[in-house]
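The chain below stands alone, shown as C-alpha cells; this is the form predicted on its own.
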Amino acid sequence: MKISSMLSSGGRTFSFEFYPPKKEEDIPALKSAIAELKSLGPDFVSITLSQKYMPKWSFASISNTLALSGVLKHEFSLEVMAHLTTEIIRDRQTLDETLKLVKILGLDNVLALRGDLTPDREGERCFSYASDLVPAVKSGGDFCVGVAAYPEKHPEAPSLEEDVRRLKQKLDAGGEFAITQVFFDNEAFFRFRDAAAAAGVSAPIIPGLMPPTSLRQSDNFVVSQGISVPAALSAGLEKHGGDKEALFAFGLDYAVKQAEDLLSAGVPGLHFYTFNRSRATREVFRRLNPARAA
C-alpha cells in the first residue's frame, strides 16, 4: 500500500527505520528487533541505504540492502519503504536496475535522498540532488516517493528559508510526503512546518524521532548531524550519565513527552529511528498507546 494513501485516509502513520547489519552475525539481532516491533502494528518500515554500511559501490551491494527490504515485506508481512540515494545510485543504468529489483520485491514506496557526500569517491553523479532523483524514480514505475526534511535546516543549507525552498523543490518534482531528520526540540519542528506552509508546502511532513536513551548513541549521532540539544535534555543526560537504567528512564520520559506534544499539535505521524533496538520504541508506544485513531 502506498504511504500517500495511508496519509490521505485521515489517520496517522507510525513507522520504524532500521539499519542493515554490518556483519552477518548481526542479522539475528536485527530480526529479533523487527519481530518485537512488528507486534506494535507499524504502518510501514524502512531499511537505510547508507554509504557507511556499504563497503563496495556496486549494484550488488545495493541489492543486498534491498534484499533485506524484501525479507521485511515477505517474511514479516510489513509494508516497506526503500531508500535510494544519489550518492550511491550515480547513473541511470544503476537506477533502472535498482527500480527493477524494487518492483520484483513488491515495494510500492521509495524515499529519494541525496545522501551524505563522500569526498574520496570519484566520478560525476547523474543525479546531483534529491530533486533530480525524485522525477527519475517516478518515471521508472508507479511508486509513491517521499523526501527528507530538516527542521533545523540541512547543515549545508545557508538558511532555513533556503532549506524550505529546497524541500518545496523536491515535493514539486513529485515527492508526496516528507520525513524529517531527528530533532529533540519540538519548537524547531513547528517553526519549520510553519515556514514550509507559508512557502506553499501542503504535503504531509512526518517528524522523525529517536528516544535519547544512550549517551554514546546520542553523542555520535547528534554531533555528526548537527542536531541541537535543548538545555533540559542536556542537563538530564549529564545528570544520569553514570546510571544506565536511570538514563534510559529519563530518555524514555523525554521521548514520550516529545511525541505527545507533536501528536497534540496534529502531526500526520511519527517515524522512529530505532538503531536496530526495540526496547525504547516499544516503551514509547506502550505509553503513547496509539490507537490508530487521529
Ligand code: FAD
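So that there is no doubt, residue numbering starts at 1 and follows the sequence shown. Keep in mind the model is a prediction, meaning the values are calculated, not measured.
Omitted here: the form predicted together with the ligand. The next part is about that form.
- By the criterion of a heavy atom within 4.5 Å, residue 174 is excluded from the residues contacting the ligand in the model of the complex.
- In the model of the complex, residue 96 stays away from the ligand, with no heavy atom inside 4.5 Å.
- In the model of the complex, residue 144 stays away from the ligand, with no heavy atom inside 4.5 Å.
- Remark: residue 150 counts among the residues lining the ligand in the model of the complex, judged by a heavy atom distance of 4.5 Å or less.
- Site annotation in the model of the complex: the residue of 111, 137, 80, 89 reaching within 4.5 Å of the ligand with a heavy atom is 111.
- The candidate stretches are 99-107, 69-77, 160-168, 191-199, and the one lying within 4.5 Å of the ligand in the model of the complex by heavy atoms is 160-168.
- Using a 4.5 angstroms heavy atom cutoff to the ligand in the model of the complex, all of 129, 156 and 179 count as contacting.
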